[in-house]
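Just one chain follows, in the form predicted alone, and it is written as structure tokens.
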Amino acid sequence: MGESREIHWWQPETGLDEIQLVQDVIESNYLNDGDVTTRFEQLIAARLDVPYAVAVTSGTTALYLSLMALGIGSGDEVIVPDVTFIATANAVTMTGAKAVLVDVVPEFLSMDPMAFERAISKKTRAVIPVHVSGRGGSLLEVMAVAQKYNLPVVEDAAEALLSRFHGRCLGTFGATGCFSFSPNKTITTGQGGIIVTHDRIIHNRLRELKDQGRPVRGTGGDDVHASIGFNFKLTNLQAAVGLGQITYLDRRIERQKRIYELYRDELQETRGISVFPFNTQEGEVPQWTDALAERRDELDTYLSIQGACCRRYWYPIHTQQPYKEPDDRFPNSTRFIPKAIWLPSAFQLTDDDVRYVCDLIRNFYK
């Protein structure tokens, strides 16, 4: 190729807006969960067109508290796709319930609705579809099965902020939607997450669960604690960073769409690699551009040597020791995940950067 450059898989970015907002919080001398956190919740709720949003410490916490708000605990089962970050299953385990793993559909790497239905038992209390890379995938079919069996849906939308599917934002279809603001997301608060819901009763219970059983912000003194709760508050400091990040949100989303469309168009004739589909024209937002690649590990090493960093997919959860199960129960994840990779997707990439990566990929597969 004769050319080498540094291409990041992902790279968080903060600016002067965040610095000023954090400074304002420090000068206010109120660093805990307060009015800045409330403003952050309100802005996210407005962008997602939902009435309620509850900011918490992480996306994992968001899943855990959603399940707790639905009354899920010891002896219950929650169905989870085999292809997701392990936090999805761990959040179920945190409640005392059992995470029941099911296979995925190859087209989207999202939950297989038929496998979901087969896994339902008398102990099943909920299902967690995961919007991998920001795709809606099989969500509508999963929702139909859940409705048939009267099971609440908790959406793991950690990778799907403002990704629209059939006219609505992902994360707003189920009983709750759970988002992450970790450093590799479109906006970040360092660590943090948010739960959105249309249900007032669930919202009120989430408020109690995240703040020691208090339905409203307390004094730390003679407060009424009407129920069991914990401490999963997002602070004003973190929310200030989030407010600053929101100012860049639309620009970043448009860039992520453009990066995906370049990969899709540039690589459509390249044998050996296929980019997963996104309907960007209808509003789906690729958190990252992902693909199935023959000789994936070799490709990853080759690109890395050339300065283009990728990320290999998570191992299927059923291969991880805490959730170990036989491969033959998960034929699709077992077959396809060793080929799955996230291509460089940082919103800072220029069109030329993406074309450079595509040139490298074509050169590898010649």
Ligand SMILES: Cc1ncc(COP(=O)(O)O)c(C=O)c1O
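The first residue of the sequence shown is number 1, and the count goes up from there. Fair warning: this is a prediction, and the values are worked out from it, not measured in the lab.
Heads up, the form predicted in complex with the named molecule isn't pictured, but that's what we're talking about next.
A residue is said to contact a partner when one of its heavy atoms sits within 4.5 Å of a partner heavy atom; Asn332 fails this definition for the named molecule in the predicted complex, lying far away. Contact between Ala158 and the named molecule in the predicted complex is found at the 4.5 Å heavy atom cutoff. At least one heavy atom of Ala87 is located within 4.5 Å of the named molecule in the predicted complex. Leu63 belongs to the set of residues with a heavy atom inside 4.5 Å of the named molecule in the predicted complex. The contact residue chosen from Gly136, Gly192, Gly242, Gly177 relative to the named molecule in the predicted complex is Gly192, the criterion being a non-hydrogen atom within 4.5 angstroms. Residue Lys185 is the only one of Arg264, Lys233, Lys185, Arg205 with a heavy atom lying within 4.5 Å of the named molecule in the predicted complex. In plain terms, the part of the chain that comes close to the named molecule in the predicted complex, with a heavy atom within 4.5 Å, is 77 to 85 out of 197 to 205, 215 to 223, 77 to 85, 109 to 117. Annotation for 122 to 150: the only interface residue with the named molecule in the predicted complex is Val130 [heavy atom within 4.5 Å].
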